[in-house]
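One chain comes next, on its own, written as structure tokens: the form predicted alone.
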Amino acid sequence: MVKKVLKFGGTSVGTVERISYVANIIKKEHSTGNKIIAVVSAMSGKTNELIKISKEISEEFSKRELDVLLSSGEQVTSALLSGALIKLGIKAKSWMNWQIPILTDGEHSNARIINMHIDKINKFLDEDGVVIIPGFQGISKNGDITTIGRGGSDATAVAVAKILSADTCEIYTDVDGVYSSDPNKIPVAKKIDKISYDEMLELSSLGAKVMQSSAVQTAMMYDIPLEVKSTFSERKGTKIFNQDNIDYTKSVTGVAYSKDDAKVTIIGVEDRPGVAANIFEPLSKAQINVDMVIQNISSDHKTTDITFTVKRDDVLKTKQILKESAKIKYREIVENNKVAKISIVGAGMVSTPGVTYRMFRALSDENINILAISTSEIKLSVIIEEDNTLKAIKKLHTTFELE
């Protein structure tokens, strides 16, 4: 008998029929003697629907009230799944964030779970009950409802697994594992049977939507075994392990992409010590995440051009902050929000020479221009024009034999 956390995403609980299907999966697991904690997302599309309604009220809708509103989606799913299990003769109970409680820290819409009370949960599990917990939400020290950011149900599941000392955490979704790229866009993408925390963390932070990056990071920190599998198929999923399971023989494991980046270039910046700090300090204070940074110094060493990337939603705010800063002197600011970030990820990149050349040559063969570059030990990312995204991914799949 083991203690399992099973997390079901929005597509898995998107209809009453699918909720009933999920209830049968839980019944099967429970019948083998396992202790089951199910973490559920809102029904697919519900969160977006609630956001749309809030914007009809106000474009500047209160963040506190938005958390109250958005958390209702998971509450609905928790009650429906619990009811479906009770119908099947299973002792089940849904627990809201404030009933446990799940304690969080941080600002509204971007909180993080720091602890939860476990006595009542463990007592119910010992009484052969199935526990249903809403993902994506918690409660602050002030008693306010908080949410954990989009995709936060993954983070909830991993945090619950850690705090309740679960033996494993299984992430159920609409695909049967982690693929070398998005199988909906790249039909030849291959399912990965095993992947390291490090590689999965890079893929999820770079745009792969299978798992939330903070959830992977938490699992890595506390060595919680993860498995991504399909709700609608009995095929084996993808197991995510610690570093000992890294396959160093394969240089590239997967190709990730994102289309929510924008490139900002500040032209003619005065070249002197501290200029970069003066640019990025106010952006940091405004909670704007800067990714890639490139600096080109002019031949006379008097001015420099600084290029960096931010999320598209932050472009206008970024430009406004830079224009209002008295510490920065420049000629003009140029933006391009029609770019995509393409990344190759693989633990084997550390010990395989020529990976950078092969990526650049592959893109060159397709007449794709590279606008910015960023690297780490197991990742190589480039910014390209958005229109070339699909062509680039297909070419890299062929180049690194991921088909």
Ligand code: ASP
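Keep in mind that what you see is a predicted model, and the values were worked out from it rather than measured. Numbers follow the displayed sequence, beginning with 1.
Only in words, not in the display: the form predicted together with ligand ASP, which the text now covers.
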Checklist line | Touches ligand ASP in the predicted complex: residue 153 (any heavy atom, 4.5 Å) | finding: yes
Notebook entry, point to check: Does ligand ASP come within 4.5 Å of any heavy atom of residue 47 in the predicted complex?
Noted result: yes
Check: Within a 4.5 Å heavy atom cut-off, is residue 42 in contact with ligand ASP in the predicted complex?
Finding: yes
Next item on the list: Determine whether any heavy atom of residue 197 comes within 4.5 Å of a heavy atom of ligand ASP in the predicted complex, and answer yes or no.
Entry: no
Next item on the list: Given that the partner is absent here, state which listed stretch (145-153, 288-296, 262-270, 309-317) has heavy atoms within 4.5 Å of ligand ASP in the predicted complex.
Entry: 145-153
Notebook entry, point to check: Which residues, if any, of 122-143 lie within 4.5 Å of ligand ASP in the predicted complex when only heavy atoms count?
Noted result: 136
